[in-house]
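Presented below, as structure tokens, is a lone chain in the form predicted on its own.
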């Protein structure tokens, strides 16, 4: 089995939208490169609006206007060993070959994706029918009960309507839907933002246990660095469409390199530490008209002249650790 089951190379894309009568391009993902290893959790961290969710949609193949891919590639090695370039497939091919089976997607506000007029079991059965999987009713119901039980839900949930369940239970139902075909990759986009802290920990623990038991890989998107500390093997830090740092979770938290990464980690509340946390000054840039040079330079405490005019190059410390910052480039 290959070490890398998903490769993203020099990915560029975003949204073509109208501002008044003028057509503009929101460059939400800019020259992003990384690989997803087999049986790992890769976190994608950063503030709201940095491009995390857009990146997830591109990887999933949900490239529907106004979302556009302008360059780069997203390739996946399937369960059968075939290598597919996702952004070269039509949306119909993606639906048949990728969705649910190879990659499942847990979107933001995923509780809202459930049909309020259908019982939970009927929503699962619709997914089976969509993929042409024939199972008799008894076998289907048993499979659904087992899947829901794995995520800590009582078996009788299958006969409920969404409105009869709590927010945390609905969230777990949606996660169960995404796991029903044992996909090799799960894309989880802020999967616990709509639930309380206790439910959040429960959901993350169940997701972690399922992934370990099934030896799947997880791309976990969250602005919450404490979630990444609990879940991730590696972390990619995004800022204004760029991945500015990537490394193991241990390295990122022990020795963050990029000034933005440091700011994210320093914002975490630590047990027994009563000091006041300081946020970053300023706002993320406008992705329609981003600043020249390093996109972080208007907010960076270490800004140099070169940062204002030239984009930083990627500096590799080893195969799985890199940073995009002029502080680490000897040729500056």
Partner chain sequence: MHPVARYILQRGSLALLVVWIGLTVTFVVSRLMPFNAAELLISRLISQGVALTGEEIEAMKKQLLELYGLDKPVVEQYLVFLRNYMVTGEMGPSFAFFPTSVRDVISKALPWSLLLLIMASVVSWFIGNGIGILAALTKRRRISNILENVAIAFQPIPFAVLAISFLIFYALVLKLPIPSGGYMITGSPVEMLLYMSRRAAFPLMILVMFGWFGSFVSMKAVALKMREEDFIIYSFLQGAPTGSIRYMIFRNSILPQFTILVLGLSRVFIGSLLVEYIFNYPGIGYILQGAIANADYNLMLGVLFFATIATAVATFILDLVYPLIDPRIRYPGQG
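Numbering follows the first chain given and starts at 1. The term rigid core refers to the maximal set of C-alpha atoms that superpose within 1.5 Å between the two forms. What you see is a predicted model; the values in this text were computed from it and never measured.
What comes next is about the form predicted in complex with the partner chain, which does not appear here.
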Query raised in the report: Looking in the predicted complex, any heavy atom of residue 168 within 4.5 Å of the partner chain?
Result: no
Query raised in the report: Can you check whether residue 80 is within 4.5 Å of the partner chain in the predicted complex, heavy atom basis?
Result: no
Query raised in the report: If you check in the predicted complex, is residue 105 within 4.5 Å of the partner chain, heavy atoms only?
Result: yes
Requested in this report: State yes or no: in the predicted complex, is some non-hydrogen atom of residue 143 no more than 4.5 angstroms from a non-hydrogen atom of the partner chain?
Outcome: no
Report task. Check each of 195, 174, 231, 89 and return the one that places a heavy atom within 4.5 angstroms of the partner chain in the predicted complex. Result -> 174
Report summary line: Note: exactly one of 95, 215, 254, 262 sits with a heavy atom within 4.5 Å of the partner chain in the predicted complex, namely 95
Report task. Please name which of the stretches 147 to 155, 186 to 194, 233 to 241, 115 to 123 has residues with heavy atoms lying within 4.5 Å of the partner chain in the predicted complex. Result -> 115 to 123
Report task. Can you tell me which bits of 152 to 169 touch the partner chain in the predicted complex, meaning any heavy atom within 4.5 Å? Result -> 161, 163, 164
Requested in this report: Verify the C-alpha shift of residue 122 between this form and the one not shown: is it 2 Å or more after superposing the core?
Outcome: no
Query - Rigid core fit then residue 156 CA moved by 2 Å or more between this form and the one not shown - result: yes
